[in-house]
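Laid out below as structure tokens are two forms of one and the same protein chain, each shown alone and named structure 1 and structure 2.
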Structure 1
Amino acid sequence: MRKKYLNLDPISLFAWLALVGTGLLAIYSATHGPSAEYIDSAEAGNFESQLVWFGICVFGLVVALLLPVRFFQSMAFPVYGLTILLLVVALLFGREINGAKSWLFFGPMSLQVSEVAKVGTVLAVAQVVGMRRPKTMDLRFAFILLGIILLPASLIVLQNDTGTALVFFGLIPIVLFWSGLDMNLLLLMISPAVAGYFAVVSMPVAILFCVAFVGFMWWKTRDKRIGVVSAIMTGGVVALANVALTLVLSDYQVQRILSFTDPGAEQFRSNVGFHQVNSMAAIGSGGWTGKGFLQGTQTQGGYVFEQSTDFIFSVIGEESGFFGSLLVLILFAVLLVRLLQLGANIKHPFAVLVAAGASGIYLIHIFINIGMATSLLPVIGIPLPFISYGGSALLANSALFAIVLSMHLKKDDFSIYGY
């Protein structure tokens, strides 16, 4: 019989360690050296705090590798219930930080429960899929999965943490796809988000997308009802976006949304677009090979806001240049692909969904965070997985990674019947 330790995947483990190490270096650069005089005392300790959280994550990873696979399955619903309870407690009694009331304090330690809720939600969804009989997808089952994801997402919206809630909304099509939802229904679910994005960037482009998408769906399905639904879902979002931007939202809210389309414009540069302008300047100034560790003028001059968290990619771009930034993206790609491969190798629906959910959460974070730093998306406060400062985020992301790694280590212990 194959020894279990041979199932421990060194590729994904190396990618995880390399990404966390990159993050520690970037956080150190953003909070030490000349930049230290431009930040407050709390932010100055980010590197030391992140190092402590990394130690906790390493310990948690070792513990996870020792646990049986049935433990993760049996604890899926209790963990989900606990995270829902913590979200309610945070909503009622939590401390507000940066406008979001999603923090609980336990003595000197703080926990952003919206981050931990990602772990509970992924486990619960995976357990429901693993228990499904028969192994088919229908609308009733899709709505069950939808409800499991929307419950924590709604509580997080009430906490005024819209950025984290968007991660849960983005998780919906990923979960439904890996659960076997028909591709046509999946495209219908994704289309409103694409139409809404184009409506903010350019209304003519949004209208063109709506027409093209409706025509494509009509041609693909040969079903007039699908064409009508496509028109309602995409056209309705475009119309709502137009009404919101012109009649509902305040001028500041509109500027906050539109600033990413041209952050250097006169009406944005001095306020909501200021941080993105400086972030792009930092990334652009790095050139091909970067300015070197602790040598970035934008970073060390304190010109970029929240540089150890939301805009940490600008530190990497300035100090390591295009090649360093590309290396980080390659590490992310290796980790995502490898996790999906590990889930597929286990050949159990629970493991497949946990791996897909973890990869999906990472991908959404990567896409939005780098989009913010490069002005492709508005600033909505999403950290870069394993790299941005934040103990709760590092703990939650590492927990998902550890669970997948542990299940692959003991993949022979899963039931051959798929439940």
Structure 2
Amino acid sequence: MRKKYLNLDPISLFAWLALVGTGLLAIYSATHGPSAEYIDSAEAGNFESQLVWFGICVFGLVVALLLPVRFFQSMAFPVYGLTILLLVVALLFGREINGAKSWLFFGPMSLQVSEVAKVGTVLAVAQVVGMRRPKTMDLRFAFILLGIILLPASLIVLQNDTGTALVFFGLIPIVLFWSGLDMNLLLLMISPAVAGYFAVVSMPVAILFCVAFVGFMWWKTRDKRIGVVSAIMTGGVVALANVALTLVLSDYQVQRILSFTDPGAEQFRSNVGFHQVNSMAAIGSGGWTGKGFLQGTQTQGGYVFEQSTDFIFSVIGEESGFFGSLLVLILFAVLLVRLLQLGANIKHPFAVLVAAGASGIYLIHIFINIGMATSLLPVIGIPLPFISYGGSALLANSALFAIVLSMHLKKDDFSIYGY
């Protein structure tokens, strides 16, 4: 018994606590600073509310640690089914917040179903991979995984929560990667996204990338077919993006997509670009060491839109500077890498997949969120894991973390059921 508890991983637990704590401090600064009396009443209670959610998460973590490992596996499909049901219910009866119809209300509690759906999806995917005989990878199997992910993703698209849906799409290559998909295929899968990004930022860079990628693939495989496919995947997307931006999409949509490339420009400034300009001003003005807790002029003046939720990183960037920002990135790195290691240590495909899925989902969130706050990416409204205000997201992200931690705690139990 005693030996078992030594498996409770202190490093990831510390990283998790530190990140949630950082988030609480940032939310506190955004809502309880010297100018607190001037902020919107809707935001005023975010800190207290997040504190309650944190309490719930700690409680949930303890419960998760007490549960047997088999429980998570057996609950994978029921949870997945439940989240699909909730998504449908939300789509039919949910309430719209910020344009996304993904919220369910239970009395005073509100739940963003799309966040919870991540947990269900990761568990279901892990379960499917876990049930399979090791090291077999056929197309049918890949399509099952694809279906498991695309079902909630498309429901979320219907809810008009494109940002969250994007995370599900990003999950696809990660899951396929961990379930043993051929590396070349994987590169081919990712390449359109990269090509599309460059197509928006700079056409010459995009074309350069296409040429380099096709050359690399051909050099690596010496397979003409792969070369052709890679040319179609990258060049095609670049061409498509070009057509979409110039012919298909409306001005408004084009502006929204393009605005991050130069948010301060006249035509974008009054629009979403305004948020990014202010966010960059906040982060950039933090300098090396930041302006100090509760001392950020942009934060305290409420200049950055959604600064306790999606743009929370502007608070950290401004008040704790480059050092603070870097520390947060390091904490994330520690947590993500540690989760992967824990998963690998458990030596069970289910655990590996849950850990990798969790880590992957966090990584996508982090990249999109901080990328948005620093104008590296367009404004896509998804939270920064553990840090942004938002109970559902904190709960969902912490649940994945708790499951990995719990499975690692009892990793010896896996051997009983293992191969």
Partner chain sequence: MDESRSRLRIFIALIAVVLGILALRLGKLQIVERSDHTGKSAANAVREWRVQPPRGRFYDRNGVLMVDNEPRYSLFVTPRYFDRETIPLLARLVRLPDSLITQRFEAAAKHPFQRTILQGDVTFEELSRVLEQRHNLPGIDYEITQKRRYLTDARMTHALGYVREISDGTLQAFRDQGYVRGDPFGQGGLERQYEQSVRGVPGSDFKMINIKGQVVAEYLDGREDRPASNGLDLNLSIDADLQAYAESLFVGKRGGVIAIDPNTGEVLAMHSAPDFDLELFTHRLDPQVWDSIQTHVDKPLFNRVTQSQFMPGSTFKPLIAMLALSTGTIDENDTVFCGGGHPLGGGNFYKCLAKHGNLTVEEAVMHSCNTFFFEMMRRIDVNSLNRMATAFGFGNKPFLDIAASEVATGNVPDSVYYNRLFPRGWTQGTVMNLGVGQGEGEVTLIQLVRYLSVIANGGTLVTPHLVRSMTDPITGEETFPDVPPTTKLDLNETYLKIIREGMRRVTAEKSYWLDIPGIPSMAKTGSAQNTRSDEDDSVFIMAAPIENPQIAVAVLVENSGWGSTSAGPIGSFMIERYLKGHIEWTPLRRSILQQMLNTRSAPLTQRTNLD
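Please note that residue numbering is based on structure 1, beginning with 1 at the start of its sequence. Because the structure is a prediction, the values reported are computed rather than measured. By rigid core we mean the largest C-alpha set that fits within 1.5 Å across both forms.
**Asked** Pick one: which is the form predicted together with the partner chain?
**Response** Structure 2 is the matching one, since it is the form predicted together with the partner chain.
**Asked** Against the rigid core, is the Cα displacement of Phe216 between structures 1 and 2 at least 2 Å?
**Response** After core superposition, the C-alpha of Phe216 moves 2 Å or more between structures 1 and 2.
**Asked** Does Gly107 count as moved between structures 1 and 2, where moved means a C-alpha shift of 2 angstroms or more after fitting the rigid core?
**Response** After core superposition, the C-alpha of Gly107 moves less than 2 Å between structures 1 and 2.
**Request:** Indicate whether Val205 shows a C-alpha shift of 2 Å or more between structures 1 and 2, with the rigid core used for the fit.
**Result:** Yes; Val205 is a residue whose C-alpha shifts (by 2 Å or more) between structures 1 and 2 when the cores are overlaid.
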